[in-house]
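There is one chain below, alone, in structure tokens, taken in the form predicted on its own.
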């Protein structure tokens, strides 16, 4: 008797995407199971961000289909999908003098400051500070509080290391792993960094020039003396 297949939180079927005349994604297919933490790894220009934006409905496929929790992403469904998922972009910068406080950013998630999330991420001391004056790591935590306040089922990260020093990035990865463990989310984590992978990540999908070249358990995918050359060579 065949075992029940795990529910797919995100799925790509023969997905292709063009940016102008350049083909950025080339007929890729994979599934991310509900509750899985998967990293999408690859060099700059591999198509990682384009893939994330396809799941969020910002990029329309040239061919193929994408699904989030069983719903096919389309212009009609994209808004509803974005409401029940969450996306942390590469950066969220504002002018240092722009009059917006951390509590204002956090409250964008659900219309108010969620005290439980603020306590969990230990950012209460930041709430009254101008968002433009806090550090990169503090901004990432404030943005994470914003999206967690919405109780998303799937969480997309796009290169969260940008604008963070190595120490701040390692601390942020610990926060991400803790949040994943506590909330039971599905996480798709885009990065080009081989080192300092999130501890909670168990699966790695490698993109290069718009194609999936490796996919599987983190330790197996990243082992071998030819790994760096295969990905970045």
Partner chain sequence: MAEALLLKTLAVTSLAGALCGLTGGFIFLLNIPFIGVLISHAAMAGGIWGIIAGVPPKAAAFAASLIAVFAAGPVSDRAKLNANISMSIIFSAFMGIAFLGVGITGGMNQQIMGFLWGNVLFAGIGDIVLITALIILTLILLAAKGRQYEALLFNREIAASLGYNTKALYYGLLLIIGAVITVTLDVIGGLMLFSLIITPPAIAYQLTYDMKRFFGLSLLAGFTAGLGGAFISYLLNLPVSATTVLFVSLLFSISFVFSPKRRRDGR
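Computed from a predicted structure; not experimentally measured. Residue numbers count along the first chain shown, from 1.
What comes next is about the form predicted together with its partner chain, which does not appear here.
Asker: Does at least one non-hydrogen atom of residue 130 fall within 4.5 angstroms of its partner chain in the model of the complex?
Answerer: Yes, contact at 4.5 Å.
Asker: So in the model of the complex, does residue 75 come within 4.5 Å of its partner chain, heavy atom to heavy atom?
Answerer: Judged by the heavy-atom cut-off of 4.5 Å, residue 75 is well away from its partner chain in the model of the complex.
Asker: In the model of the complex, is there a heavy atom of its partner chain that lies within 4.5 Å of any heavy atom of residue 101, even though the partner is absent here?
Answerer: The answer is yes: residue 101 has a heavy atom within 4.5 Å of its partner chain.
Asker: Give a yes/no on whether residue 123 approaches its partner chain to within 4.5 Å in the model of the complex, heavy atoms considered.
Answerer: No, residue 123 is distant from the partner.
Asker: Check for me whether its partner chain, as it appears in the model of the complex, comes within 4.5 angstroms of all of 176, 180 and 222 - heavy atoms only.
Answerer: So, no: the whole triplet misses its partner chain.
Asker: Select from the listed residues 192, 53, 26, 208 the one whose heavy atoms reach within 4.5 Å of its partner chain in the model of the complex.
Answerer: Contact residue from the list: 53.
Asker: Which of these stretches, 114-122, 67-75, 144-152, 159-167, has heavy atoms within 4.5 Å of its partner chain in the model of the complex?
Answerer: Selected stretch: 144-152.
Asker: Taking its partner chain in the model of the complex, which residues along 67-93 bring a heavy atom to within 4.5 Å of it?
Answerer: Heavy-atom contacts to its partner chain in the model of the complex: 79, 82, 83, 87, 89, 92.
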